[in-house]
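The chain below stands alone, shown as structure tokens; this is the form predicted on its own.
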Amino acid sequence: MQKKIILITGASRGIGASIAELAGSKDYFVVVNYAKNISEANNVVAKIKAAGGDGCAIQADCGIEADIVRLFKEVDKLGKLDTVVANAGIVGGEVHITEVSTAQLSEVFGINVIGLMLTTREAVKRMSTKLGGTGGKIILMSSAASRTGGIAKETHYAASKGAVDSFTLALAKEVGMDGIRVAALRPGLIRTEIHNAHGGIPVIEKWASGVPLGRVGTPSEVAQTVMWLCSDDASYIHGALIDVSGGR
């Protein structure tokens, strides 16, 4: 029997890589999307295969519509798509609102919002039972910053994730009768390289005292939540915004 196919955008490192590796252990065929670093993406695929799973890496910049369309066409060649995790995203650097430029806003929203929506568009085209598909799951990556406002000088990032939350709620109403389940995760302080934008792991470790659980989270903890959402155990979870933030 052919394995179910899961596509994870931005999966060459951090949370995306952790989701990919866990999905491989759950008997999915894992498509590891990456924008630039082929060696990191191939390393994730190698880890999946070494653990007995299967997958491949496909390059596509999720800030470019043509790349997203090409990515899905490449996935089509592999078989029927079961799950999409729209994880690709950037912080966009630290910048005070008085200094932010149109170019910076366009880059952040281009990947975090527009790219995510276009990724979803292509997924729905293939999954919708009204369009000949057999259903599926779409997991969108938001952030706790969408409700806390994030940190100073990253208003652009927080705003983009707020848009993801709104899109999730709207999308759930639109595709719920199409055999597609939708949810978004809102990770808090997670130990990943994305925090290099504001000082790296040592900086967020200092913020751990503000987390009710008293620590920073791990990519694995986010990945476990994603895979639960993809399972039949979460069959009535739809349109949910799920915090993975240690209570923060």
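Start at 1 with the first residue shown and count on from there. Since the structure is predicted, the reported quantities are computational estimates derived from the model, not experimental observations.
Missing here is the form predicted together with a small molecule; even so, the following discussion is about that form.
Proximity of residue 13 to the small molecule in the predicted complex: non-hydrogen atoms within 4.5 Å are present. At the 4.5 Å threshold, heavy atoms of residue 48 stay clear of the small molecule in the predicted complex, well away from it. The small molecule in the predicted complex is not approached by residue 28, whose heavy atoms all lie more than 4.5 angstroms from it.
Using a 4.5 angstroms limit between non-hydrogen atoms, residue 63 touches the small molecule in the predicted complex. When the small molecule is considered in the predicted complex, only one residue from 111, 139, 75, 124 comes within 4.5 Å through any heavy atom, namely 111.
Contact annotation: of the candidates 36, 215, 206, 70, the single residue with a non-hydrogen atom within 4.5 angstroms of the small molecule in the predicted complex is 36. With the small molecule omitted here, the record of contacts in the predicted complex names 81-89 of 165-173, 148-156, 96-104, 81-89, defined by a heavy atom within 4.5 Å.
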